[in-house]
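Take a look at this single chain, the form predicted alone, given in structure tokens.
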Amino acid sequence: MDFGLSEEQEMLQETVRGFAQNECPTTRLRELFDEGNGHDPALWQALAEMGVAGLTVPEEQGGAGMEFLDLALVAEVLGEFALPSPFIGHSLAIQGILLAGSEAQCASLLPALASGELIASIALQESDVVWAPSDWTAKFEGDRLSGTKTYVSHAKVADRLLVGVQGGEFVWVDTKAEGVEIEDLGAIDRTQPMSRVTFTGAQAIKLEGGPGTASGLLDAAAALLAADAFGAASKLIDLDVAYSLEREQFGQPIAQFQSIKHTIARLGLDIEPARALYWYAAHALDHLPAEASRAASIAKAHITDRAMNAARESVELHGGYGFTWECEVQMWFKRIMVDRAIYGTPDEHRDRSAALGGY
């Protein structure tokens, strides 16, 4: 099977990469990281003007009409630059609407999201261990929503939230509505700020798709987080190489030391082959639905685990400087920590993939 990127997909990544290099170099990233709100309106507006906000929205609803793999390719680049933006939550909210919304709901809700006029996010997880649809406890009765969701990315800048409720269904909520309370959790990764959101009789709109769509959205989340972590881990390896060529000991760059060379080479061999896992998972979401859930869990488990190992090794390769706030490694380290933890840990996704495979 010849599974590679098309010329258009390679161009998409290079376009987004060029934008990130120009608009969010490490100096600007540091400023945004220190500010801690994980959002630069000018950056988001520019991404929206490039079409990134609505990549998978059909053209008739104002989007680019592209596939989920294209979305994952952009997630990789944004992870590579640790770009502070609501991209992942926003994209997953769109995916949820595409999965569960009626034709009329899609036509009503998607255009403002595709243009970036409105920012959305998803609210699914309820605790460290409650993320699967079968465990959701938030209730939707009549047109009112009650319950609490935690680890909601960019909730404070989002205009709308896609919320998972009992029965594995979704409702659509205005974050400014009465009965919606957003509490900052002070997440360790300042490029992906997390909040606890409490709903006390907040008015909401139920999406008309059945409960079977919830699993599809969690598969999409797993694939995007894997792509983001892959990009972040790849960046850390680049930082390791650059530092080893610059740092000197005993009158020569530490890159000359066998232990350093072997460590960086091993990290490259850990990370680079894993690229195909998120590619396949994203491809399966559009074209191989019977394989999508297992492929997404395998990608999330393996890539985020290997990325976390690369982050730990990168801290060590940077020596006593590596764990400090001043060292740029910590920004990617923290991003990978969040990618690994939310919507299922590697162990949980290994269990899920084994169960889906009949083991």
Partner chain sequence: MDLEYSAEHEAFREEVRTFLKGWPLIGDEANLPKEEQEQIFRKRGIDAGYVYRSVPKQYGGSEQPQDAIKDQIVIKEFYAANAPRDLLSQGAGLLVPTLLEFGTEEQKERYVPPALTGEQNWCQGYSEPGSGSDLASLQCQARLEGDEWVINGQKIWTSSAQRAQMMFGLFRTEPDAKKHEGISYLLIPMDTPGVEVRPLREMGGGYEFNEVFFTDARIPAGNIVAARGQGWQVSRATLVHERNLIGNPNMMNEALADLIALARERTLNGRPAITDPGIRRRIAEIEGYVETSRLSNMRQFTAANRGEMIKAMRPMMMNKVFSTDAMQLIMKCAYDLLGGDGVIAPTDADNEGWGQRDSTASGWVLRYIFSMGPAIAGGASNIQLNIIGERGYGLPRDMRPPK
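These numbers were taken from a predicted model, which means no experiment stands behind them. Residue numbers count along the first chain shown, from 1.
There is another form of the same protein, the form predicted in complex with the partner chain; it is not shown, and what comes next is about it.
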Check each of 55, 43, 311, 298 and return the one that places a heavy atom within 4.5 angstroms of the partner chain in the model of the complex. 298
Counting any non-hydrogen atom inside 4.5 Å, which residue from 275, 206, 247, 196 sits next to the partner chain in the model of the complex? 275
Would you check, heavy atoms only and a 4.5 Å threshold, whether residue 140 touches the partner chain in the model of the complex? no
At 4.5 Å between heavy atoms, is residue 14 in contact with the partner chain in the model of the complex? no
Contact with the partner chain in the model of the complex for residue 305, defined as at least one heavy atom pair within 4.5 Å: yes or no? yes
Does the 4.5 Å heavy atom contact test between residue 151 and the partner chain in the model of the complex come out positive? no
Hey, of 96 to 104, 174 to 182, 124 to 132, 262 to 270, which bit sits against the partner chain in the model of the complex at 4.5 Å between non-hydrogen atoms? 262 to 270
Between 336 to 354 and the partner chain in the model of the complex, list the residues on our side with a heavy atom within 4.5 Å. 347, 350, 351, 353, 354
